[in-house]
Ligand code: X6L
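Quick heads-up: it's one chain on its own, the form predicted on its own, in structure tokens.
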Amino acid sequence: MTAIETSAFLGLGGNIGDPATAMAAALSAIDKSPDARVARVSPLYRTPPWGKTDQPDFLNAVAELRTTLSARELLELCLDTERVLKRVRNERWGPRVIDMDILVFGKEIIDEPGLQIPHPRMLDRAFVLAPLADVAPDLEIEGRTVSEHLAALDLAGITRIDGDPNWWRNV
């Protein structure tokens, strides 16, 4: 029996060390997995911190994956990748070398301990929706497209810094 492939979208970010290199390493690790591959990646964005503002700006991106993993298995792959890249969870919304969030997993709606899909706060975050709009502008979430959700947000301080969709392969 052939496993069913699902389209999933990951948000990636970081603001300490070399976040572009960390995000590239994370995407490469996922792409090397036998059960997931990177289909598309947004440009990089420089964004102001959200929640806890007394820290450096972040780099953010979004990747579309094709995977035969379940959402829970993809979460474990992301958490394992963060651990390999030395992610330390000291404080909520604090500085980090890498952060990976499953934003959307096919058409699934999941509300379990440690896993909520679609990501519960992504529609309020321009630093998520701007790169998501680059890879999936017409993706519908809660009855509106990503582009429509993004149009309602303040984009102040959010700057696209690399338009090359293969930036992660060149870092």
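When you see a residue number, it is the position in the sequence shown, counting from 1. All values reported here derive from a predicted model rather than from experimental measurement.
Although it is not shown, the form predicted together with the named molecule is what the next lines describe.
Could you tell me which one of G51, G114, P34, P120 places a heavy atom within 4.5 Å of the named molecule in the predicted complex?
Looking at G51, G114, P34, P120 one by one, just G51 meets the 4.5 Å heavy-atom criterion.
Candidate stretches 102 to 110, 138 to 146, 123 to 131, 64 to 72, one within 4.5 Å of the named molecule in the predicted complex by heavy atom
The contacting stretch here is 123 to 131.
Contact flag, S42 vs the named molecule in the predicted complex, heavy atom cut 4.5 Å:
Taking the distances in the predicted complex, the answer for S42 is no, it never comes within 4.5 Å of the named molecule.
What residues in 54 to 87 sit within 4.5 Å of the named molecule in the predicted complex, counting heavy atoms only?
Counting only heavy atoms within 4.5 Å of the named molecule in the predicted complex, the contacting residues of 54 to 87 are F58, N60.
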